[in-house]
Every structure is written in C-alpha cells, then in structure tokens.
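We've got the same protein chain twice here, in two forms, each standing alone as structure tokens: structure 1 and structure 2.
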Structure 1
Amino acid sequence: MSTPWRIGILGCGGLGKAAAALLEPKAEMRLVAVCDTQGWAHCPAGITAADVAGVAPGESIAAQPIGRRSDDPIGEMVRLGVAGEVDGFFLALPNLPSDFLPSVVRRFAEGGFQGVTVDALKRTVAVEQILALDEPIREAGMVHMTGCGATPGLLTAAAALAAQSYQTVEAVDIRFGVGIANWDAYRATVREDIAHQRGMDFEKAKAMSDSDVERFLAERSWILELHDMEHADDVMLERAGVVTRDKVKVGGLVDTKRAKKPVSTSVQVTGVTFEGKRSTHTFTLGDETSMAANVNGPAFGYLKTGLWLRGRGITGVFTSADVMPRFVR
C-alpha cells in the first residue's frame, strides 16, 4: 500500500481535534474524513486541522463548509471505508455506555471494511468485548488495534517491554497525571473519570448535564483522584502473558482546571530476575507532554502497525501489548 495513507477520525471532541492537528504535518498519513454525532465530512485532498478545530463544543462538523448533516454519520464512515476511500480510522469516540465503541467496531466488520481501525479504549470490560470480536474481524479481512492510547497503550507497551528483564513479574503500577486547562474541551474523557469516583458509575456519569459536571468538579477543587481503576492494562498484560490482571494497578490525578500535570505519569514494573534479584523498572513520561500527545501519538503509531500487518495478510484484533507501534513520519 502506498503512502500517504488516507485516514478518518470518528469524533470531533478534544481528542479528535488534537488528532487532526497531530496528523497535519505528517507525510505518511492524510486526514480525509471526519464525523461526529450529527454530521460528517470527506475530502480526498485532505481535511485541515483548522477545519476540525472550528467545531465548537456541542456543535458539529456539519456546520462547517466541508460538512454534511446525517442521521447516521458512523454509517457514512463505514461506507467510505468499504468503498476504498479510507485506509484506516481512529475511533476518538466516548465509550459511554461501555458497549458503544465495540458496537462501532462490529459495524465496520459486518459492513465489509477490509482496512484498519484503532481505539484508545480504557475500560477492561470494553476491551474484553473488542477481543471477543477477533473471529468476525479476521473473517472480514480487517485489523483492529485496541487499547492504544496512553494507558492503556503507551504505558502498557512499556510495561510489556520492561517485564523482559524478569523471570517473574510481581506487580505493574501505573500512575498518571493529567492537566486540562478547560474540562469542557474533553467532556467525554472527564465523564469517564467521574464514573470512577465513589458513588458514581458510568450510567450516572453519562446522565450528568454539563452544569452537573461543573458543580461536581468545583466541589472537588477541580481535581479528580482515581484509585484502582478498571483499566484494560490488566487484561492486555494478562493476555500477553506478562502478569495476571490482579497484579496490575492503575490510578492517578486529573486537574480539570489547569494545564500543568498535578503529578508525573509513570509505570513501575517490579519483578525477580533469573538470578533471584528483585528490582523495579520505572518509565516516566515528560511532564511537558500533554494527554492529547500521549494518546494520539501512540494511536496513530499503532494504526500504522495495523496497516503494516494488513499489508502482510494478517488480520484480527491486537492490543498495544501484542505489537510495537511504528512511528508515523
């Protein structure tokens, strides 16, 4: 397959806008299609980051000069993929309820898409639903890369690599820090984090109005503290044979008012070497890298790996702990 690969993004929220900006200087990938809940756009010559950035929170790409309204924007993306107009899609969509994004992946497979899709899913239950689609995805001649953001994703891959020093892995501890200058730019992500708070769940978080969210955050001084999260790093590392899921812990702090990270993001892998020595590897991300950079960069790296696999006739579902991302130039 020749480059630039033609890329579609599902979602025009904070991650979708950042994804468009990340792709703009790339030579190997060209953004040609985007959609949100109300509309879609397709431009073979390329869609600019400014086109996507122009979509205000709560509005649609349909209101932009390149956009069109639709009752089924995701269906339009599937149609473009099946018609051979798009090689790969990044599903930068909220996953509330937890079966929503797996249902989107199923639509691509059942629709006959034979390219590559990638997600940045976080919840274990959602990734397990994706993994259960391996057979229909293989039969469709498609590749799906799941859990390919920051965590799961970048930090999961780092943990899988760090584990190679050990004969036995005893623990994987992921701690993240996220700074968001304006929570409204990442509504879906913040709602998913709120769902992990005491007394909350995903249905309650989804039902919250924007004013409800604002009040919830203000009551906590705009800081969300997260412990023992249901993060798919556990099932992905278990599937890769690194460690049982009960030994994987994920938590962190999210500042929804300030861009500066409240704590550094890191993964610690503790194990015992073949000589009987216990040790801990620590991989820490630079505080200057944003959530958008640490999610979108790996997502497109794994999308490129998916295109590489598909070009060699390999299909099915893969996680960020199964293969390495290939850098998009």
Structure 2
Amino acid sequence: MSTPWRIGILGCGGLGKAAAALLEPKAEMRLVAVCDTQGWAHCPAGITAADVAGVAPGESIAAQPIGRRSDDPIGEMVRLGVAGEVDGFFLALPNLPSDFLPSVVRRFAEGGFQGVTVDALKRTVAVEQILALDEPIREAGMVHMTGCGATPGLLTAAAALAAQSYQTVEAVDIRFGVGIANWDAYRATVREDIAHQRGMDFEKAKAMSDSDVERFLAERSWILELHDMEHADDVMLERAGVVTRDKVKVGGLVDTKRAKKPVSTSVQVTGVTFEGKRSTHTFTLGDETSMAANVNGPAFGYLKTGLWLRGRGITGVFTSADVMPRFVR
C-alpha cells in the first residue's frame, strides 16, 4: 500500500460527520483537515471520526481539542491545499445561498490549489455556476468534480451508463424515497418539502406553526409527494450528450412519520435502440442504504477519480456523468 491520499472535509454538519465516519476505515485516504464556519483543524497524523462527531449542532470544531478558531476557516483550507498538505477536499457545506459553493471552488482555484475538490451539489443553478468555472479551474491546474452525491451523482452516472444501449434517450426519471420516523427532527427540510407542494411557497411554509405542519402532513397521510424538482441531473446529462435537460425528471415520496422508505430510490432510462425497439433500463438502490452511504461513498469514489485524472495531467471540471467513480478501499 502506498501513502494514503490526504483528505480535507469542509463542513462538520450531518454530511461532514458521515464523511469522516466513512473515511475512518479506508486505507487509501486519511482525513487530515476539517473546517466549519468558525474554526478548523489540521492533524497530519489523522483526524478521527470521533473528533468530528464531537462537534454538537450549533457548535464548532474550534471548541474541540484539535480545533482552532479563525475568521476565515475556508481560507485556512485553501492555504493547506496550496502548501501541499492536502491532496483533495470534499465540500460538505450547505449550499446557502446557491452561489456559495461555487464561490468556494473559485477561491481554491484563485488561491493556486493544484489538487482536487469534489461537491455533492443538488441544484441545477449551482452546478451550472460550477461548470462555468471550467476554464479558470483548468488553468489553475486543478480538478473539480461536481454533482457527485446520490442524485445527482450515483443515479446520474447510472443513467449515463444505461443510455449506452440506446440510439436515442427519451426520458430519464429519477424517483427517490425518503422515510423519516420523526418529522420534527427535520423541521427545516420538511418545511422546504411543504413549500414545494401545490398552492404553497417558501413564505407560507415558513409561517406555519408546528400544529399547522402536523395538520398539513396528517391530511396527506404523512406522505409528501415531490414533482419536477430542480436537480442538476438535467444539466449534467445534457452536457454528457445523453439527453436534453427537459427530458430529465426528478421527484419522490417523503414519509414524514415512518422510517421505512415509501418507495425505493431508482432511476429509469427509456430510449429507443438502433433496431427501433423502445425499452427501459432501471437502477434501483437497496432500501437499507442510507442517504449518507449513497452520497458520501460516491463522493469519495469521484474524489479518487479526480486524483487519478490530476495525476495524469488532466484538469478542469467533471461531473458524475462524465467519469466513473473508483472504489475507495
């Protein structure tokens, strides 16, 4: 085994904690740097999952024994990357506002980082901003992998793969199932999902009291149905030449009272073969796999691909529909 890749994670929330837990047993990668909005840590010998798990909601890594406070923790991460202390970064930060992560990627490129960054962005508008950075990223000598979570990510790649059987792709339908046993552990997310319902918007959802939310959910048997979501699978599959973005649909069912997924998460790719036969390939995720496993696993698989490309002198922005993730041991 050669020296492990030195990895940094930006963000110590749910995604960052899961990423740290997933990395811990890996021989090929070692977590050496983390940051959040108030602080950062750098331990060349390795940061444990427990170190990151110890950051309570609302707290910062700065308050941990390994942490340091900073007014610009992202700047510290860029500095570590430029100093050659970190090979690849996973951007596990919430993308609010929607140009936040693109601005972070730009900071790495402008700062002179020549390694690899990866994101698990969801929204089309954000991935489009990342794709527009292709030239500066290429010129900086950096690789950025975008849309590399579950959807977009794992399911987008499956769609690009399934498309190979067809002469023309007619439709890509992504359906996800989410089950949460206890809606009020995810108040913000559930309100966001309510905002997408017919006749609702963000203002109305935000103004709802908890009992309004309870009543709204109960009237729908606790299941929210989501249609035509703005997911970057569309622009990524269009860029990969698979299908125009209007043919890509993303929706799903969220059960706000039961942990069991109301429907399996899947992608269906319908097309016509060179012989004129219409058919549908289906990729279905096992219900027992969590969102954390389906987002973080692919993200590090794509980070490994990015490191492979970078090692061969290839730079620029790639999506999960362009290249194959590599299994990280």
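This one's a predicted model, so the numbers in the text were calculated from it and none came from an experiment. Rigid core here is just the name for the largest C-alpha set that superposes within 1.5 Å across the two forms. Numbers given to residues start at 1 and step along the sequence of structure 1.
Would you indicate whether the form predicted alone is structure 1 or structure 2? Structure 1.
Relative to the superposed rigid core, does the CA atom of L80 travel 2 Å or more between the two structures? The answer is no; the displacement is under 2 Å.
Please say whether, between the two structures, the C-alpha of D184 moves by 2 Å or more once the core is aligned. D184 C-alpha, core-superposed: shift of 2 Å or more.
Rigid core superposed: M208 CA moves 2 Å or more between the two structures: Comparing the forms between the two structures, which are aligned on their rigid core, M208 does shift its C-alpha by 2 Å or more.
What does the CA of R198 shift by between the two structures after fitting on the core? Give it in Å to one decimal. With the rigid core fitted, the alpha carbon of R198 is displaced 5.5 Å between the two structures.
Using the rigid core as the frame, report the C-alpha movement of A218 between the two structures, one decimal, in Å. Here the C-alpha difference is 9.1 Å.
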